[in-house]
Ligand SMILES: Cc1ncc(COP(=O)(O)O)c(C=O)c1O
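A lone chain, given as structure tokens: the form predicted on its own.
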Amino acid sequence: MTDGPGLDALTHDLDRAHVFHSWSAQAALDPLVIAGGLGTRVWDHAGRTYLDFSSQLVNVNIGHQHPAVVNAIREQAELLATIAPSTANLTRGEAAKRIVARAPEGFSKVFFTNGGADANENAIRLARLHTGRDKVLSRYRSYHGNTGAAIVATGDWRRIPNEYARGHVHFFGPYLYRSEFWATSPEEETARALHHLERVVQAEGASGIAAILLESIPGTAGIMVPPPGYLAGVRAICDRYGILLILDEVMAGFGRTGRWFAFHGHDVVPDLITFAKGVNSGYVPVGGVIISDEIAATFDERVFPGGLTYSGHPLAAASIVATLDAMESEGIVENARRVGAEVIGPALRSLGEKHEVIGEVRGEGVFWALELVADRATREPLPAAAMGALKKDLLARGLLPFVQDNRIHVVPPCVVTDDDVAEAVEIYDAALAAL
């Protein structure tokens, strides 16, 4: 039998021989081997363990290998492994029921997809069909997925080589640390960002705009919690011009912010809510759109021209039921809120006071970012080479980080403990000191 290091080498060789990786030039890749996990930790075949403060792609909210979710998938596989989406299935219905129970009043239906990208894709489709309009507005600092319309709605560099979809317009959202609006306070940032957005709406022709698509809290773009009044202000602009509001909760939803949905903390109700990742911690690929009753009624007598072979797949549905039930019974969302407010936030702010390289600390729940700078006065971002060295050092110290641009995203599972946080902060501290 192959030993642990041998299995790691075999796994790595098989990957490099046959797996084509996303968002990467392939030749120089050296992927980390992961063989197993439990709770907030993962390990390779040789037994080297890492504290997972990335939650992989910020989706393992309930932690790795939660027994209730694993058992639910196993039991569903033994009962019925797959079924067409045109059928009625008890597990699928129970999953939808639990999802809409966390949504605002006036949401009764869920359209299931395979993930977050096609959730946003179908939300855009619903908005266009419901309004009879075409354009979709979204932020430059955003990520909405890698399918046709979702990637063009995305604002970051990944959009540029993929601009094949029509009718997309971008605008700047609030980001006080690097304000586009010369703002000096959250109130100024909100007012000026909303003025900018309304002027874009007017200049683009409000009568042709179907929807404004926003991440409730931009995740990959930098975990930028909206300043007070911003999301409510966007809702008011939408209402003024008859535009739908789509809130993307793919990364921020289901406990990540210490709330079931991130927008619950911002006095706003959207027209469409997209989700994926956290609803079942990524154990089985799934996503969806939570549809307001008004929009759903559009298709009572009119065919909705969209569908997916695996929409509402029973294994995914079973994992949703088990995940949401466990999160409820075990107080996992409350844990995320408490740990964020009482442990992670204070600890990261202490790091910010200690290390000049930290320009800003921001976040809530288990959704935080350390923005790193070469110079605090100029706010010049820390160069890519230094970020690469920092990531390598964090891994060497036993922490699996989420590093994006000039930021460390501190995004552990919602089940993270105070001791886990203390261990991670000690590692961040040592690596930043070494840097």
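Residues carry their position along the shown sequence, with the first being 1. These figures come from a predicted structure and were not determined experimentally.
One more form of this protein, predicted in complex with this ligand, exists but is not displayed; see below.
Asker: Please state whether all three residues Ala117, Tyr143 and Glu215 have a non-hydrogen atom within 4.5 angstroms of this ligand in the predicted complex.
Answerer: The answer is yes: all three residues contact the partner (heavy atom, 4.5 Å cut-off).
Asker: Can you pick out, from Thr220, Gln76, Thr190, Ser311, the residue that has a heavy atom within 4.5 Å of this ligand in the predicted complex?
Answerer: Selected residue: Thr220.
Asker: Please tell me which of Met251, Met327, Ile290, Ala336 lies within 4.5 Å of this ligand in the predicted complex, judged by heavy atoms.
Answerer: Partner contact (heavy atom, 4.5 Å) among the options: Met251.
Asker: Go through 341 to 349, 182 to 190, 356 to 364, 117 to 125 and give me the stretch that gets within 4.5 Å of this ligand in the predicted complex, heavy atoms only.
Answerer: Single hit among the candidates: 117 to 125.
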